[in-house]
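This document starts with two versions of one protein chain, written out as structure tokens and named structure 1 and structure 2.
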Structure 1
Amino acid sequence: MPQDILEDLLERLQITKSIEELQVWTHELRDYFDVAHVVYHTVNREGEHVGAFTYGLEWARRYVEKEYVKIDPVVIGAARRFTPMDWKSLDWSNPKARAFAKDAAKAGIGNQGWSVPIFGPNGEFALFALNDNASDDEWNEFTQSRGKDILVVSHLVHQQAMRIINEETVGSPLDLSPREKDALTQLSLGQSRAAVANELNISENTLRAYIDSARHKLGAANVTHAVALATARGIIGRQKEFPKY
């Protein structure tokens, strides 16, 4: 995992202007670390939960509906620590915690996890975590070798999230990020999603996240509509033909 790729990722992090863009950015970070999931979570000044994650929306909704935050050993453990923690070092003996773990596994959450508790200068608390399916030896090797990078990334993600939450970033929420523009531009040339993902050096799942984010911002019904709107508004260059999806 070349360091220059991480540096490029962190440069793009600095120009995210919304939690939606941060959400999509976490997909690229997940690909870079080659793990199953990445998640960032905090609470804003109004007490609302704010997060950026690669988990499926169905699991995110279930987590909220079941109020798992009250029994999740990862959250409870993070509130009591100041240093990174391996999920297997936490107390999962409570029956509710074990039931939660089984439910999480059914939703595709991996058996390994590494979390960084973040206590900000203004009293805010946040949590950054990576999750994967791996053996204990594989996971230990990963966290040992990438621990410093994970720690640096976690605090930079929190800093940018705070800028977004406190409305310190500039730009309209309708502005597409450079990656979203790249994705629509490549698709407007008629390339397949696989080819575009390869061109941008990201996974197809991450490409899908960028496309969905761009569609949401543009109010587009599908990819063709998104390309047409972006072209009409001068966001991307005008092409002769639009892709058919």
Structure 2
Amino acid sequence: MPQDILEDLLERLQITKSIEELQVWTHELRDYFDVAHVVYHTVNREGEHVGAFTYGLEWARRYVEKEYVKIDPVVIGAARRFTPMDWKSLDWSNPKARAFAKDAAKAGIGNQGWSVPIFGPNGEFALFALNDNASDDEWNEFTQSRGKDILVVSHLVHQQAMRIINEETVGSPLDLSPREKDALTQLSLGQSRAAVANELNISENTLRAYIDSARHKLGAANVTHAVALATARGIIGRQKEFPKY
């Protein structure tokens, strides 16, 4: 999968300023993953539901009206769980759950789904999901090959939603430690990972853990993106702009 498309997409995620803009953005993400639907859902400090999704508004209204949140196995199954969930592995045996599934299918919700429960650093809870029409084999192939990207993206969507909900300025990342800044700085100079690990006197796997933590805190798609964001925000220096005469 082309990582630069994902990078562009996540750049645009970071400039969304309202839940409405985030909602528009989920349609881009849906097209990127080439699935039927994308949905993100959380609860704000006032206890109100906040969501950004590609479902039709009619279905969203019906979901609220029918109080489906109380019987939806995707929501119930995610309670106190941090492991991603394949929707077909959930308990649909309750007749109410089955009726709900039928109603959802009528509204154009696909037969397959993959949810990521998200517990944020401040105790908040959110759910991110992809939904599609596919055979079991196709869906399994998709979730296994894209599982990592889905995890990464789901948390970045959550971070952005939290910034919007808490009215924070866009792009204020969690603090990076000096070591993470060192690693990103060295990488920004075009050094290989092996060289950077050697320079910092750590193993390559340790370096990976450090830079992936930095990537997550910066809200970046990948390491290149993390370096670019850290540079743009002045977290690391712009050494490359000074020619060496």
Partner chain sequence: MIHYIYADQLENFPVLADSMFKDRAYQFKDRHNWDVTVNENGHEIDQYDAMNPLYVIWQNEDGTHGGSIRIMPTVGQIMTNDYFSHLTDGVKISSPVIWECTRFCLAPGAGPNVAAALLAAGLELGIRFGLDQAIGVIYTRTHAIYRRIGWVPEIIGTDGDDREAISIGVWDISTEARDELCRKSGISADDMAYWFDASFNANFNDESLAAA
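Since we're looking at a predicted model, the values are computed, not measured. C-alpha atoms forming the largest set that superposes within 1.5 Å between two forms make up the rigid core. When a residue number appears, read it as a position in the sequence of structure 1, where counting begins at 1.
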{"item": "Structure identified as the form predicted on its own", "value": "1"}
{"item": "Large Cα move at L229 between structures 1 and 2, threshold 2 Å, rigid core", "value": "yes"}
{"item": "Core-aligned CA displacement of H216 at least 2 Å between structures 1 and 2", "value": "yes"}
